[in-house]
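As a starting point, one isolated chain is supplied in structure tokens, in the form predicted on its own.
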């Protein structure tokens, strides 16, 4: 009997690595005739580079990572594809106890997990610090090309805070965030769970806001594949997608969350007690006001088309890269970026499971409702920003075409 094809898959110790971990741990990969060798990494830069040079065939990756690769913004020229997303939400913003106390003093009525209120409180605290001649606050994100960077900047800018002038933004790997906060090196951060909850328990961190409140139903991580490997081994790549999609459905089931926390908490996975994983998994997050807040869509693994690699999400990330001066895209760049997101491969995996997938490559509705699927009607609610703004992908593409 021949040995199963082995796929080396890198991951970072985060809750949203759950799907590929479960695919390997719970037999979904084995039933598809493949073996997944999980490798825990310490930084997103390592994930990126090891994908590019062939140490990994696949990885739990930042959603903008394949976009940055398509634009040549990575050290190695090696295209990546994103045939599947690994869920919606999962991030939060945490500040130091000192900064939280300052925010409460200048805006005592401000409510946690309300983007406008938290923005007003932070803006007032920043103004008071500037008036006192204090250095700008330092917030950390996990990588320059990350959802964390873009959603933090989006929230700040929408609240009248200039993220390039009024604060400083540093890069810190996710597991180091609590220690960086406790040491006073940073004043706050945007990171995926469980590192907000860990900071709240161990480093006097105060969780003030969730990704779900800033950009509801928004993507976070992708299953990224080395494009060359996927082209050379299409059957194996397809088997991986099917196994990971099955695992996503298992992770979504509420009755599996306690077992999921035990799997992820192991020393070779996240190495975090299950008690620190369950709050986000259950959508019950302890926040800065000392209360437990229900965040129903804190982390969505499969519901609401969470695994669909929508091309307008790729374009939104590209728009943020343009907005913040990371790139100046023309038509060629738009084409490369949209080609990196592969809903066609996602649909093939869904079909293998007898599941329906959206027919459109773009989010087709602006309000919750029904959309056309490959095997029947699907219920769907699109992503939405807290300030009620709408991203128009066609208008953005037209802007890039004029620039080109």
Partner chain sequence: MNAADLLILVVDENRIRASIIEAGLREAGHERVVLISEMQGLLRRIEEIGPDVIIVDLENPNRDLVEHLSAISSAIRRPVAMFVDQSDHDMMAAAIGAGVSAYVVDGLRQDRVKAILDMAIARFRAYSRLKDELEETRAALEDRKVMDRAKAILIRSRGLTEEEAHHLIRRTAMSQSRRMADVARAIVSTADLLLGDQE
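These numbers come from a predicted model, not from an experiment. Positions refer to the first chain, counted from 1.
We do not show the form predicted together with its partner chain, though everything after this point is about it.
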Quick one: of 112, 272, 169, 308, which gets a non-hydrogen atom within 4.5 angstroms of its partner chain in the model of the complex? 169
Just one of 163, 173, 286, 228 has a heavy atom within 4.5 Å of its partner chain in the model of the complex. Which one? 173
Triplet 75, 143 and 183 all within 4.5 Å of its partner chain in the model of the complex via a heavy atom: yes
Heavy atoms within 4.5 Å of its partner chain in the model of the complex: which stretch in 375-383, 53-61, 346-354, 32-40 meets that? 53-61
Can you tell me whether residue 45 touches its partner chain? I mean in the model of the complex, with a 4.5 angstroms heavy atom cut-off. yes
Might residue 361 be said to contact its partner chain in the model of the complex, defining contact as any heavy atom within 4.5 Å? no
